[in-house]
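Before any questions on how it binds or moves, here is one chain, the form predicted on its own, in structure tokens.
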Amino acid sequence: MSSTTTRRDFLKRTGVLVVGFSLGLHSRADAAVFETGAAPAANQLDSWLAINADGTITVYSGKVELGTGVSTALRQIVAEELDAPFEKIAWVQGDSDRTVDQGSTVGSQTIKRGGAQLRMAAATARAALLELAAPKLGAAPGSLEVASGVVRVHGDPSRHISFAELLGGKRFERTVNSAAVPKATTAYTIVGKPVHRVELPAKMTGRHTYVQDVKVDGMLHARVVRPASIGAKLLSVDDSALGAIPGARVIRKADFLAVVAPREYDAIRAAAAIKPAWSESATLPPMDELKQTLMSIPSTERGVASDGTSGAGRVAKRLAATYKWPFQMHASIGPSCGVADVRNGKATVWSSTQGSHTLKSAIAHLLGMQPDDVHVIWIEGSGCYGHNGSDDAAADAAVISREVGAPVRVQWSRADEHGWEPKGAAMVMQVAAGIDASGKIADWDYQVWTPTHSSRPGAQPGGEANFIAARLMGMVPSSRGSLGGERNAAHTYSVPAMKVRAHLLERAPLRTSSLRGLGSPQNTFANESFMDELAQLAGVDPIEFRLRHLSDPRAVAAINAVARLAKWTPRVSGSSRAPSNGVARGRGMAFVRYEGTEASVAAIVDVEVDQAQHRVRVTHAYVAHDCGLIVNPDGLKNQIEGNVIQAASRALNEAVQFDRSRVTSLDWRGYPILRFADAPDAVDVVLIDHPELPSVGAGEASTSPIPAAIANAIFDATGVRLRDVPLRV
């Protein structure tokens, strides 16, 4: 029997979130890169950029490229402010000893905060170059202008001097001037234009270097052998079979167990050959009792919002609902990898971390070293969408390297990634509200039960205990406040009385940390599903109902823009169209102002619901997006499209499976993500540009409204209200 697989069939069966690949090429890293020290000072101009003798401009960015296009957008900002050619900008990013600590690349803050820092540094550099050029050109600084990396006298272009002639290879020796005046946005020629992403050609041709490709002279390969169940203790290890595997040996530190060998395949063989004995542990609740478990865990109540007085006297109708969200994975297509060289009291770590400077300190504390003796070199990995396994893989490599006294590469398997990466938090949301006789909301009461959405290894002593390796070696994580679960718990609609409370859990059944949007997708799913339920109760079109409760003109503009884009027609009840060939079709919408201060996003989705096959497909998505000044419209559209697809996958497919002892969804069958065959036929985006306003966080925002829009579309198609993710018909 033979079979033929076409390229289209192969793609249909393949996960849709693939963002890059490597064709087996490898990068030879310098062995023992031990020029360690403190991060450059943020107030020094030379910490940010250098003018080179060949006319290129090297920019040093603490923010890193995670597949979102920020390294292109940040280049645009610098090139614009310096009036330099975009192609002349060289880039150094995420090196803990060569770049300013700008904070981790998280929270959609790279352009808003990191871009603002680079803009100010470039504005300072431009003013300095004009000052240096004035005596050389015999002209006052006010009579000079800059174009394409050249300073010239206005009206007399024959009198000119290049940046390289002014400063090539020399230092500025100046501080960043916080009073420097950036260019007027009306004069922009690079920012706001669709510049092609600089890193994509190498990715598309297999020449891009990922952390998985890093090689160091003398490097050994390691695999970590995880406990049989969460919380299990290592009782003994039978390593007698390793005698048949050249150079293989066991590394054990308390419950941390690993094998190391000169060849990767031998490390894989060794991990399978040893026979560890673990105590059995049953620490997880039954999956079908997750809601009750979360609501029963001790928690701290935090008031998020409390406005107005009860509308009980005005309420004509009242409604209450409970919404549930499961644990979810980052589901990075490429499993995490880390490389470390720990010798002679120094350490160099190669990692795809989101925060090189934080990882530097955390690794130092883990190893009992001073932070200045650790050097973290950022190398891109698979898309992370938050705190996946990359930091843990780096820590694994550092611990093993210290033990063997040689460079070590740790490559996680798919089962490692699915089983042991930090999970996106499961949450429970309860909402109750009343509407008055005019069809407007009279009062609103919202409660959310949430574990923390951040357990990243911290820079302060004790923060290193959040590494898996540290926990297995017996370190106890320091107590940390809960973070992220309140994000968008308070909606942005105007209501007479609103009370929002977050119950911050002291612990969670699974280790949780940052996943794209943190608590915003969950809270927006509840808020925006409930807005549709209230609209249905009031007998009002969902868009009209929202507009009745909005005073923010930018929110109104976003909703109106997406309604025009999708050619929205009013609807007031579910199942308004009869199924065709057993497939019902519906349309739903949702809105969010991310974090209440960042991008305003309105989304409409069209779905097909085949109830006989228990299948929902998003056929078309429409998004209106306002994030203030847009740096790169193509890059922003890329981000929005990716967010829509990933959010649809999270809403329809994704939930971590576990039994009483362990995560059981250790492959793509157990944790299915959206595949090409189920991806939307189109994602149409309208960008609302405000060049007169600062850029605000844009990257994550369009994740949040999609799950609610899908649930609302399913109701429109079938009349069935789904309140639990994943949305199953």
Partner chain sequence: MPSSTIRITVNGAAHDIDAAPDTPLLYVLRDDLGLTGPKFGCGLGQCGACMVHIDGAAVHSCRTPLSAAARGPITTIEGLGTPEKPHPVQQAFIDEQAAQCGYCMNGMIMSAAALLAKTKSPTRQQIRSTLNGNLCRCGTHMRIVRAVERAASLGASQSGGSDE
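Everything quoted here is computed from the prediction, not taken from an experiment. Numbering follows the first chain given and starts at 1.
In what follows, reference is made to the form predicted in complex with its partner chain, a form of this protein that is not presented.
In the predicted bound form, at least one heavy atom of residue 677 sits within 4.5 Å of its partner chain. Although the partner is absent here, residue 204 is a contact residue: one of its heavy atoms lies within 4.5 angstroms of its partner chain in the predicted bound form. For residue 638, a non-hydrogen atom is located within 4.5 Å of its partner chain in the predicted bound form, even though that partner is not displayed. Contact annotation: residue 275 falls outside 4.5 Å of its partner chain in the predicted bound form, judged by heavy atom distances. The listed set 645, 504, 294, 150 contains one residue whose heavy atoms approach its partner chain in the predicted bound form to within 4.5 Å, identified as 645. With the partner omitted here, the residue from 212, 117, 361, 454 that has a non-hydrogen atom within 4.5 angstroms of its partner chain in the predicted bound form is 212. The partner is not drawn, yet in the predicted bound form one stretch among 606-614, 226-234, 195-203, 460-468 has residues with heavy atoms inside 4.5 Å of its partner chain: 195-203. Contact with its partner chain in the predicted bound form holds for none of 307, 519 and 707, as no heavy atom of theirs lies within 4.5 Å. Scanning 397-426 for heavy atoms within 4.5 Å of its partner chain in the predicted bound form gives 409, 411, 412, 413, 414 in sequence order.
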